[in-house]
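The chain below stands alone, shown as structure tokens; this is the form predicted alone.
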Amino acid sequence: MIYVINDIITGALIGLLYALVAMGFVVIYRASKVFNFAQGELVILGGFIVWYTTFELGLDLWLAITLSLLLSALAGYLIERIFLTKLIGESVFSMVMVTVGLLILLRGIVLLLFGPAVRPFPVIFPLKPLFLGEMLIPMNLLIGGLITIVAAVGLSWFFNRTRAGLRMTAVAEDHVVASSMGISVKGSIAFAWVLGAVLSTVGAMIFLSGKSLTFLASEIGFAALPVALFAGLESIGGLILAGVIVGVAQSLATNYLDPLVGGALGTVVPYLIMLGILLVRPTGLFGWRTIERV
């Protein structure tokens, strides 16, 4: 029984990591109504920035982390300025296709600059696990879970209680109406991309701390996709519950069902949960229902 409880706790913490990465999807979507298919590439870009500032520049760890977050914010801002700002007012389909192209471009840039070699990632969080009786809890995931909850609370407050957050939501609803109200559409969307890039870098630090770094780590973006769609693309708080459900289900399926079916079921379960909830509620578990007057 103790092993089952341990698997549930570890699965919940992995799910919270997915929720943190999925927060990047939601922040950009809430400001622009665009689903960013390149979120995983933002994670790996942030990871390589942390690696470069730590090992290549040889900076103190905390200085390297601070500089990495600033550089990630700059990268998010430049991506929006270069590729998306000219598409304001165009169809959502056009903007989504740009993010697909961005996925390929960022992956190519990472390969061009850093190559396919496996590199060590700095130890940012303690490697020694936390022992609770017979249970073993990874410290990086535990700290990451706390960071995810704090980030979710802070961003929910920002979007629901501050003028800047409400302006970003208004921009997502209608660019023309928001602009006529004096709201800076370009500024709101640029800030969302800055937030998305910073969240991705924090996710990379939790995910990769003390591990190896390759461009393949961007796959965590696809792992976070079921959490984002399960919760609903407008709900930041809902990501916590969705992440825990998906993470626990994946952990139990991997540890107890995979041996029975020969493996791989654990990787499929999150997508089965996502499809199941979308068949019943297309906007996701906590997504907004749009009411239109005809």
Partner chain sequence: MDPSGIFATSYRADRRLVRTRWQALSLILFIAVLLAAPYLVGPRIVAILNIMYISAVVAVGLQICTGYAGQINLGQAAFMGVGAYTAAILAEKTGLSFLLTIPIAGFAAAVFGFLFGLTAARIKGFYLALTTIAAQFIFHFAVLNLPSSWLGGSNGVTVPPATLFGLRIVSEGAQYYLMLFVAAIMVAGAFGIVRSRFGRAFVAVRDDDVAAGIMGINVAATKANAFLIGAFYAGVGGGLWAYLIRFVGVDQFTLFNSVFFIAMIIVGGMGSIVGALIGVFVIRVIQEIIATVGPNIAESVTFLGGDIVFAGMNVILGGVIALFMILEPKGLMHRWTILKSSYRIWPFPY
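Values in this document were obtained by computation on a predicted structure and should not be read as measured data. Positions refer to the first chain, counted from 1.
Below, we turn to the form predicted together with the partner chain, even though it does not appear here.
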Partner-free chain; cross-checking the partner chain in the model of the complex, the single residue of 177, 164, 136, 104 with a heavy atom within 4.5 Å is 104
In the model of the complex, the residue from 118, 100, 123, 150 with a non-hydrogen atom within 4.5 Å of the partner chain is 100
Taking the partner chain in the model of the complex, would 108, 268 and 280 all count as contacting it (heavy atom within 4.5 Å)?
yes
Exercise for the section: Using a 4.5 Å heavy atom cut-off, state whether residue 29 contacts the partner chain in the model of the complex. Expected result: yes
Check residue 264 for me: does it contact the partner chain in the model of the complex (non-hydrogen atoms, 4.5 angstroms)? yes
* Touches the partner chain in the model of the complex: residue 160 (any heavy atom, 4.5 Å) -> no
Check: Heavy atoms within 4.5 Å of the partner chain in the model of the complex: does residue 77 have any?
Finding: no
Exactly one listed stretch (151 to 159, 126 to 134, 218 to 226, 198 to 206) reaches within 4.5 angstroms of the partner chain in the model of the complex by non-hydrogen atoms, and it is 218 to 226
